[in-house]
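As a starting point, one isolated chain is supplied in structure tokens, in the form predicted alone.
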């Protein structure tokens, strides 16, 4: 007979079997039954004290143990602890969301880089830049830490005004490539995290556009797509003049009427008093948004509407012979610029773009172009109102006037002009060059390009860089004038600032492999001023541009901190950038005059010694006392310092902030304050 060890499980199961009468055989005697009933009378509590909890125990056993205080109390404590932690986590999350400042958009974090496609890169050796050429050079934007690329027009066009006379808004001009080339470029840009901003030209079309051809012969509904008035061949309806000079009316033999054009006669103005025109132009915006473009630069919007009464505009000089008035600056454009109804159209387009912005991570950006000169209040109106956003910002062209009186005082005056007029909480921006204005390297001087780039990248807001400014390209006296504006008046030619990009010192500056030349002359200094050469030099213009662009993105005080004026004189313009809660701050000292030493001892909040973070001119000194900061002609200094004292609370009239936030170092987060 073998002995078998009885385990706790066996004992329990055996006891259960003894209690269950159905397991008894018919032959069991009364004594067995009596014994069974006795076993049933044993207290259940006593039964389960005979064993300890074990894995796989029956439900009944588990429930017995779970009801005991030694097990129930810890379980309840753990339950309520989980509830409390969950509620605390929810509260913290809600607090963080409520206190967190608005995330900055892609159009705020990066400089905007303007590409003039005819001159950026030629991929097929015809001497003209194209879309495939832009794709070949996407790495250039990555090198500069550029995320936003604005490309000037590439629509199908007769090229009377190099793309600003559009024949078909839904086609790519063959000189630039195909729609497939465009889609390939856009996809490649998005793959690299780059955003594409397109030029949109709402004011006018080409006279080759199908709408104009149908309007000329009176075909409905296109008859009133343009502005037609009765006139004679020799007598225009009024004294209105075009931007390019002479009368803005052109007699059409087919229709026997005059049509209105604020630019070339080959660029007839659309009639935005006609709701069908607004609908057509809105459909075009939708067409490109559906393609995936990230934003639009709205061209020449102030020209979109004209007064219907057609009265003569007042002359600037009332004594001038009216027959000699033939330029836009000889009239007050009370009836042709910024007319009532314009802002409603632009607001409607912004709302249309906002519907596409609901796509996660796909904000659609809108910037307005309007040269309003001394009437800056008109420019500010394009920001919108407290209740309605009209655009993300209108372009700020006022720094283009810096070379007119190059000095520290002039720089401060122009910056203050925008910051003081800008509606509270709006986002500033800065432009020092584009395809219509002389390059800053020529208007201010080549030696000032690095310091102007430093200012552009350290001011609050979004900087815009015209292609070539990162290497200091200058205007070129071209051998043959291509620009229609320049053909009317060579002194106003825009060709000099549109010459091909200088990539290296090879054939055609690396822009094109064409053996027959390029559409405009290559700059004679391309062998010494080019991307490839400067990338190899850590002190070059492009290397400095890249370094500041990277710093702007990584330093909170530069990207969204306070901006405060601290000094200006005939030579130097200085300002600081700081963020509440962050001890690191920057002082920017820019020399637009002669060699000088600046004493900032009177500026409270600055430590006695400041560390040199970057200089546009090579220097050996690593720090300067604030009582004596030396700068040479055209030098820019980016000085870093550490302090817990803030400058802006005691200098409210000298300080501005758009995206206000405070830094909490303990948690390394930003919060609303």
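As the structure is a prediction and not an experimental result, all values here were calculated from the model. Numbering follows the first chain given and starts at 1.
Keep in mind that the form predicted in complex with a small molecule is not shown, yet the notes after this line are about it.
**Student:** So which of 429 to 437, 305 to 313, 175 to 183, 520 to 528 is the stretch with heavy atoms within 4.5 Å of the small molecule in the model of the complex?
**Tutor:** In short, 429 to 437.
**Student:** Can you pick out, from 207, 122, 495, 161, the residue that has a heavy atom within 4.5 Å of the small molecule in the model of the complex?
**Tutor:** The residue from 207, 122, 495, 161 that makes the contact is 161.
**Student:** Of 462, 544, 267, 148, which one comes within 4.5 Å of the small molecule in the model of the complex, counting heavy atoms only?
**Tutor:** Contact residue from the list: 267.
**Student:** Should residue 263 be classed as touching the small molecule in the model of the complex when contacts are defined as heavy atoms within 4.5 Å?
**Tutor:** Residue 263 belongs to the contact set for the small molecule.
**Student:** When the contact criterion is heavy atoms within 4.5 Å, does residue 297 count as touching the small molecule in the model of the complex?
**Tutor:** Yes, residue 297 is a contact residue.
**Student:** Verify the contact flag for residue 250: yes if a non-hydrogen atom of it lies within 4.5 Å of a non-hydrogen atom of the small molecule in the model of the complex, no if not.
**Tutor:** Contact with the small molecule, no.
**Student:** Whether residue 244 contacts the small molecule in the model of the complex should be assessed with a 4.5 Å heavy atom distance threshold; does it?
**Tutor:** Residue 244: yes, in contact with the small molecule in the model of the complex.
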